[in-house]
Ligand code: NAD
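So this first bit is one chain, no partners, the form predicted on its own, shown in structure tokens.
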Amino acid sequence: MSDSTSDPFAFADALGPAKVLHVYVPALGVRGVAVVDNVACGPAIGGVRLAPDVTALEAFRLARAMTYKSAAAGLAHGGGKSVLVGDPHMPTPEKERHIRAFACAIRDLTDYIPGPDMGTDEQCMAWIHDEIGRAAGLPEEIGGIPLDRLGATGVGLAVSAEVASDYCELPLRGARVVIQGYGNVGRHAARCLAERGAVLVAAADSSGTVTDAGGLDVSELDAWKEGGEPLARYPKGTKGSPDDVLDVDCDIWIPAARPDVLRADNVGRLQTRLVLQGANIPCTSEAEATLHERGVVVVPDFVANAGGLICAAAEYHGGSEAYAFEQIDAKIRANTDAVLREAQRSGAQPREAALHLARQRVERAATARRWHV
């Protein structure tokens, strides 16, 4: 967290970041960064990511992605993100101390609403809410909509797939799906796509890749993961390294793990027709450009994976579970179509069309603020 990427001014532009807070609690060894990128549309919502190798740069980039995601979804919120250095599998009492200490440190960032992310969950948000009185993605018992258990992000990815399939002439029934990052997002995306007739032919987690050209049983694979077992020990299918997930021929490829898994040096290995970005910033700009040149349809992260954010915003404003999922369907369906239609019309990459849409919304909202772009 001490490298040159911790300088917020190296990444500043007209949109933000609005605030950056570096956190260090030496008594507990807690280190992290909270970034409030932009609040033109309203208070920022963004997850708290817990991992041993997170960086300040990751926080800045993810916070900007959240700004665009909120704007593209038409939410009255801006974007933010926190990263916290640590082992997400640390003992629960130690994790609670870390999360509560981090919450206390961000207490005065009143225009930032934390939510769950990689390494954190509804219980973590309950601890944060107990400390500072604000969080999204809470347990049901204290008024939350369990977005991870219900699979809000995965549901949104399947909706986006329905729309995008028309733009690459790909029927979902029988479409071969590969998921890189078979966690909360990837598992629910697999389930929702299977319900639409798609076939999961490969999945990967940090332990390895499991492949079956005839189709993996999504229910069995879910039960295996829910039992805490890694895919490398799954008793069926062909096993490979985590990186082997890039080489499985498919129709739909879903990155649902960490940033920059698709890069200039490995994108040539990917053989697919549609990429649905389930993770935030999973592809470098060079990789996206290469896929676009090859005719692969790429639905950008802040359009395709906005389901969790839409659900969290609905919860924060007192909406019901039914309302949240109606909003996920309506907003992601409309935005995916708008972005891909404009990309098709102009010949631009879908990300360029999506960025234009999101920036327009942020800039219009900013004119109502005292300090505006």
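In this text, residue numbers run from 1 along the sequence as written. Predicted model, so just to flag it, every value in this text is computed and none were measured.
One more form of this protein exists, namely the form predicted in complex with nicotinamide-adenine-dinucleotide (NAD); it is left out here, but the text below deals with it.
Checked against nicotinamide-adenine-dinucleotide (NAD) in the model of the complex, the residues P146, G74, P242, G86 give one hit for a heavy atom within 4.5 Å, which is P242. The partner is absent here, but in the model of the complex a heavy atom of M118, alone among M118, L291, A126, L170, sits within 4.5 Å of nicotinamide-adenine-dinucleotide (NAD).
Using a 4.5 Å heavy atom cutoff, R49, V185 and S206 all lie near nicotinamide-adenine-dinucleotide (NAD) in the model of the complex.
Judged by heavy atoms within 4.5 Å of nicotinamide-adenine-dinucleotide (NAD) in the model of the complex, the contact stretch among the candidates 250-258, 162-170, 216-224, 263-271 is 250-258. Mapping the unseen interface onto this chain, N305 counts among the residues with a heavy atom inside 4.5 Å of nicotinamide-adenine-dinucleotide (NAD) in the model of the complex. Using a 4.5 angstroms limit between non-hydrogen atoms, A279 touches nicotinamide-adenine-dinucleotide (NAD) in the model of the complex. Although nicotinamide-adenine-dinucleotide (NAD) is not shown here, in the model of the complex the stretch 59-84 places heavy atoms of just one residue, K69, within 4.5 Å of it.
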